[in-house]
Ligand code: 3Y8
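Only one chain is given next, in structure tokens, and it is the form predicted on its own.
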């Protein structure tokens, strides 16, 4: 019998959860626990880490998981690596449901960097007003560039003040629209946008708005991962499951 573990947290993961529930296929939705109020799901939910690769292997075996789907954020590198290793160790089929990365378009002024450390270094120079759209986990690293005023758009209100001497916190949850993001950039007089290449439509608006306003974008590229089977659409993930489990479509 099929029994799916869905590693989630993205809009694509939630869409897949709805598709699985509608089909009646047994599945558990796993949140890492980094968001204070995660979105409700139509599947049984577990919250928290597994305790590394060994912990995930134990969970897969203990719960008799037959198929593993990684629909975490493209920058959840550790979880994705653990999923790859655990799948190889147990022989359980693994699929990644991920967003295709963004590509620069005509009019974009992108500077690409390989990681957060390089992004911090690239902000050396005169003070600017910067939209730092990276989430809360990386904020301490940008304290090395304290000369800027940072606009921080976060999902949750931080428990402690961000370690940046000049900042504004905006608590909001996407998806966002181009008109709203353009107004946001103008209202806060933003001069540069810093973001991860997360891909997808829910966070693309800031890039379109930056293009329209002629603003430079500092783009952090995705971490490299070992080879795995990837799809970009929920329908493709459902087809993969149907084929792997011989369920029919």
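Since we're looking at a predicted model, the values are computed, not measured. Residue numbers count along the first chain shown, from 1.
Missing here is the form predicted in complex with the ligand; even so, the following discussion is about that form.
- Partner contacts here mean any heavy atom within 4.5 Å of the ligand in the model of the complex, and among 120-128, 159-167, 86-94, 172-180 they occur only in 172-180.
- Taking a 4.5 Å heavy atom cutoff to the ligand in the model of the complex, the contact residue among 190, 57, 32, 217 is 32.
- The putative spot formed by 27, 65 and 238 is not touched by the ligand in the model of the complex; no residue has a non-hydrogen atom within 4.5 angstroms of it.
- The closest non-hydrogen atom of residue 136 lies within 4.5 Å of the ligand in the model of the complex.
- A residue is said to contact a partner when one of its heavy atoms sits within 4.5 Å of a partner heavy atom; residue 143 fails this definition for the ligand in the model of the complex, lying far away.
- Contact between residue 148 and the ligand in the model of the complex is not found at the 4.5 Å heavy atom cutoff.
- Contact check for residue 155: a heavy atom falls within 4.5 Å of the ligand in the model of the complex.
- Contacts to the ligand in the model of the complex (heavy atom within 4.5 Å) from stretch 1-29: 9, 10, 11, 12, 14.
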